[in-house]
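The chain below stands alone and is given in structure tokens; this is the form predicted on its own.
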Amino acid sequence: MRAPSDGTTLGSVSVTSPSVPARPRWTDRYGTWLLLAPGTLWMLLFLAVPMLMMVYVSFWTQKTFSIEPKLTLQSWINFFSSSTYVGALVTTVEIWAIVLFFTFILGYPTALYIGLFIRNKTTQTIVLVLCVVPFWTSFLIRVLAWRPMLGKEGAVNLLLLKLGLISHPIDVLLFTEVSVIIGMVQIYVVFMVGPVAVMLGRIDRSLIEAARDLGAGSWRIFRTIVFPLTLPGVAVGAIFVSVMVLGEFATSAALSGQKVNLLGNIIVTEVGSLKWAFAAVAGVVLTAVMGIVIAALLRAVNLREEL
């Protein structure tokens, strides 16, 4: 006798029909894409499209006070054949490297003190907030405040004269590359302190205690444990500092007396002169430099694995 297939009972044995798998809902199929859609659309509209448009405009024909949508390489040729533009590019990279170096030299020990030597979490938070206090004032005010401090009769020269460290005022402190570097380091060092301090706070103190129990000295603990574990914070801080310094123009204009031209200053000048094609070329070059720097930092430290 054939067993029924509708779930009836044959003797003492219960026979059930095989269950049909439920069809996946459309949210199960496209849920991931729906979640990614807003961010992807935002990136396309406000990042990819403007960048592609900037590249496209850089090939337009530049007239005296206008541009024509006729594709040409003349603006690119003019950019790389001009000592002004190439000099601005070189100066931008040089100042970026110097500022990045000093933000690390000043920021890392500060973060190290906050993250390792201050044990109380409340005190750590208070100190980090104090590092951010200058950002409660206007960026322009913080930049211009360096003028009376770095001048020949400014606070820095007067202090050095009273201490007997110098016999006459130092002229290079203002309206030079030195003043631009000092201003940028003071403004952006906090962006190095924050990420490093966060990574230091995530280090398990038992690792350091175990290393000390095994006879490791302070330098070896720092070299083999602390510094490698804080490299992601250093990379994040370096990315923050690099992006902001490479795109700078206000600090250079205010503290150098228009004597130091960065690519950002070139872009502002060309836009004001209605030379959109030249400004687009400078913008593309600046974006390329930023991309190379960020790619190098991400290659040096794999943030996906470390964070």
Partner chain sequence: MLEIRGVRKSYGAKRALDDVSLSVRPGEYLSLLGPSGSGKSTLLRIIAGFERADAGEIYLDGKPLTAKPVHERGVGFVSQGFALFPHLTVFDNVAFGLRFRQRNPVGAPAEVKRRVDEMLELVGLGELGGRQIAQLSGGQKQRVALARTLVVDPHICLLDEPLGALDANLRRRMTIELRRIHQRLGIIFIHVTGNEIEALAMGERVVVLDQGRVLQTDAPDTVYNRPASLQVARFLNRYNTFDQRDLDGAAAADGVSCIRRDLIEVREAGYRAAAPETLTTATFVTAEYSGSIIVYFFSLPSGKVVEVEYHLSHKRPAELREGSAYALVWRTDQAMVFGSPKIAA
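Positions refer to the first chain, counted from 1. Quantities reported herein were computed from a predicted structural model and do not represent experimental measurements.
There is another form of this protein, the form predicted in complex with its partner chain, and it is not shown here; the text below is about that form.
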Exercise for review: Using the partner position in the predicted complex, report whether G217 sits within 4.5 Å of its partner chain, counting heavy atoms only.
Suggested key: yes
Review point. Does its partner chain get within 4.5 angstroms of any non-hydrogen atom of D213 in the predicted complex?
Key: yes
Practice item. Answer for T224 alone: is it within 4.5 Å of its partner chain in the predicted complex, judged on heavy atom distances? Key: yes
Review point. Can any non-hydrogen atom of V127 be found within 4.5 angstroms of its partner chain in the predicted complex?
Key: no
Check your understanding: Though its partner chain is not shown, can you say which of L71, L159, L207, I105 has a heavy atom within 4.5 Å of it in the predicted complex?
Key -> L207
Practice item. Select from the listed residues I114, L229, L173, C131 the one whose heavy atoms reach within 4.5 Å of its partner chain in the predicted complex. Key: L229
Review point. Going by heavy atoms within 4.5 Å, which of 162-170, 82-90, 176-184, 199-207 lines up against its partner chain in the predicted complex?
Key: 199-207
Exercise for review: Sequence order please: the residues of 234-263 with a heavy atom within 4.5 Å of its partner chain in the predicted complex.
Suggested key: none
